[in-house]
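Just one chain follows, in the form predicted on its own, and it is written as structure tokens.
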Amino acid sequence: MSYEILEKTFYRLAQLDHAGAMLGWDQAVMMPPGGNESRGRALAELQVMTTEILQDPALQDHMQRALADAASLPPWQQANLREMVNDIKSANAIPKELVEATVLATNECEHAWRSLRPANDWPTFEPMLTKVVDLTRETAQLRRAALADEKGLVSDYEALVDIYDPGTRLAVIDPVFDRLKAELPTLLQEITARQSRAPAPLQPQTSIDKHRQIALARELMSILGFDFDRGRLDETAHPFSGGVSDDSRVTSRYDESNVFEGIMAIVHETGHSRYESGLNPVWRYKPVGGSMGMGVHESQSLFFEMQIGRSRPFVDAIAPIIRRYFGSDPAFSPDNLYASYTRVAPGLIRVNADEVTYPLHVIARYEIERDLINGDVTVADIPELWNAAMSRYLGLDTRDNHQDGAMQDIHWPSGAIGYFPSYTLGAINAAQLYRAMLRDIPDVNGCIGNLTLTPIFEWLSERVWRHGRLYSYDELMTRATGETLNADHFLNHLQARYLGNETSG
């Protein structure tokens, strides 16, 4: 049966993805710097192998025969077939030579970025990034040309967004972002004016050894349900959650003079891992069993970080644990921890931004990368565009400060262009999920305060995790919350946490 042949083929592809994920993890965590070129070739070859399998004419024949018999399949297999067809058509839009060239270029650029960013060396970085953008633009153009009619893609950039958030269109993103641009600056002024009347949060008086931070991180991950029999924690330059569902690889970085952000980075990455490990095991190795786009993925990590991690009940609950590892410094009192985790102030670095200003960082990047891919600006224009955006949205000056400006993120050098909208869509989804959860579990804050988090995880599993890609993004959110994307819940969450009595995480 053609459908069964497709399933067997995608099982094989899942194993190649597994190998690639582990090579990528090792590259970021364990690999000596001199191994990068060889590692890039291995990763490129894996992608070429995947592309060749998906471009096999015999596979397309089986796809057509399976589609002809689709009505006889149960609903989950129909969804799986839909996802397999999407992967086959997407792969056939891009020549394998372009796939290989892109992997090699991004591997070189991302590796160089690790040393060029600390050196603030934009002139050396610019031509490498230009090559990545040029190849990505070519991919976007080909993808749009092949899939525009079927997917309703209206721009080259939208063809990239669809990779990271399938089905999400700029017609949805732009009105939401326009609303945030209109409302967040006023909200920011009100919050900062209110917080200015209170003393600034204390910072720890002494540095905290990295090994104590790792020990705390492991305990917090266990509280959040991370299974160390099926995962591990390691150190890297840029925190990420990778691996596969049954072998999760969480990474973080540690600053002995700034432990606050490291704690929340662990909470955030654990949210990613719990989503991946919570996917339906019956659908393992099948496209329908994969995660539902990065907007949903970020909603889970941000739910862990923002709705749970930075809430007053959670901070109060973990303060004694933090003091057990870090000592009785006044900076680790519950009041000071909460003040630190809810402090709002415009800053240069996106990953350290508070949840009020964070969407403005995302919007700035979104507008630049959109115009890059659509051919309206060039890589050489980025520093000037970046400074203008930071000035416009956050009142900050980044002239000549490339390492804290356009070079700060790993996304563009690694070719993840079209990803940035997912962060803010995820924040909106997280607030919306929390509001829906309150209807079913009225004492969510009590669960968080007691660190009795199982009911929360069970709710997320039932509404999000176990469904994988069975439903479209809109259908998944509607089933979970009763409505499609609605920014009201995010803005109400900010109002409650920062200008009222926090009741919404």
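Residues carry their position along the shown sequence, with the first being 1. What you see is a predicted model, and the numbers here were worked out from it, not measured in a lab.
Omitted here: the form predicted in complex with a further copy of the same chain. The next part is about that form.
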Under a 4.5 Å heavy atom criterion, is L16 part of the interface with a further copy of the same chain in the predicted bound form? yes
Is the gap between P455 and a further copy of the same chain in the predicted bound form 4.5 Å or less for some heavy atom pair? no
Does a further copy of the same chain come within 4.5 Å of any heavy atom of V244 in the predicted bound form? yes
How about R179: is it within 4.5 Å of a further copy of the same chain in the predicted bound form, going by heavy atoms? no
Answer among 440-448, 57-65, 37-45, 465-473 for heavy atoms within 4.5 Å of a further copy of the same chain in the predicted bound form: the stretch 37-45
Every residue of L23, P32 and G231 near a further copy of the same chain in the predicted bound form, heavy atom within 4.5 Å: yes
Name the single residue among R274, R249, R143, R365 that comes within 4.5 Å of a further copy of the same chain in the predicted bound form, judging by heavy atoms. R249
Of W386, Y338, Y285, F260, which residue is found within 4.5 angstroms of a further copy of the same chain in the predicted bound form when only non-hydrogen atoms are counted? Y285
